[in-house]
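This document opens with one chain alone, in structure tokens, the form predicted on its own.
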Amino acid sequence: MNKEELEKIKKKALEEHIPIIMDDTLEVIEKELKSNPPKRILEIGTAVGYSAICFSEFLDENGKIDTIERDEERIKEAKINIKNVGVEEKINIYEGDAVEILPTLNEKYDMVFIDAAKGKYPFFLQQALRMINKNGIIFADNILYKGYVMSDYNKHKQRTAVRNLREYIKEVSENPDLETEILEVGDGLAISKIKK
């Protein structure tokens, strides 16, 4: 993997205010991946491919990442980035809306990373639970959404996102098959492990 190229991708994304995974969030996930290399990862929300590229380093031999993105400009950029880093063998991009694509997938995944439309997190969770392997792990990024989720914040613009993120937290916390912790890294990370 071309680390220099990866740094360039990160720098450009930050300069252009493209939301990419934060370093401390990535660190937590990488630690998990190192101790338990996944064969298959599903990522909901590719953006410019940065997180998928980072995760690809920890895949089990011949492992694969399926990632979903609907923004055409970002898909173009992600494809270039993935090629430049030299990991195009490992990453497959589904182009389109995750809400439409997810129900058509019937793979099994060891890890699911949710980082797309916040208002759709409960739906993404349902789909992730359908496809996650036993002993699998589901990460949901930005779950605390600038602190709004845990506060009384109620600005109209973010109301739906906040409500659905709270719903997601409630569902993963109350699901008897999941062991969930919410970390205050980055913009909040929910880690749900499937109980053995």
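A residue's number is simply how far along the shown sequence it sits, counting from 1. What you see is a predicted model; the values in this text were computed from it and never measured.
This protein has a second form, the form predicted in complex with S-adenosyl-L-homocysteine, left out of what is shown; the following refers to that one.
Residue contact with S-adenosyl-L-homocysteine in the predicted complex: I138 places no heavy atom within 4.5 Å of it. The shortest heavy atom separation between R70 and S-adenosyl-L-homocysteine in the predicted complex is within 4.5 Å. Among heavy atoms of V185, none comes within 4.5 Å of S-adenosyl-L-homocysteine in the predicted complex. Taking non-hydrogen atoms only, S51 approaches S-adenosyl-L-homocysteine to within 4.5 angstroms in the predicted complex.
None of I41, A47, I143, A128 but one reaches within 4.5 angstroms of S-adenosyl-L-homocysteine in the predicted complex through a heavy atom, and that residue is A47. Although S-adenosyl-L-homocysteine is not shown here, in the predicted complex the stretch 106-144 places heavy atoms of F113, D115, A116, A117, F124 within 4.5 Å of it, in sequence order.
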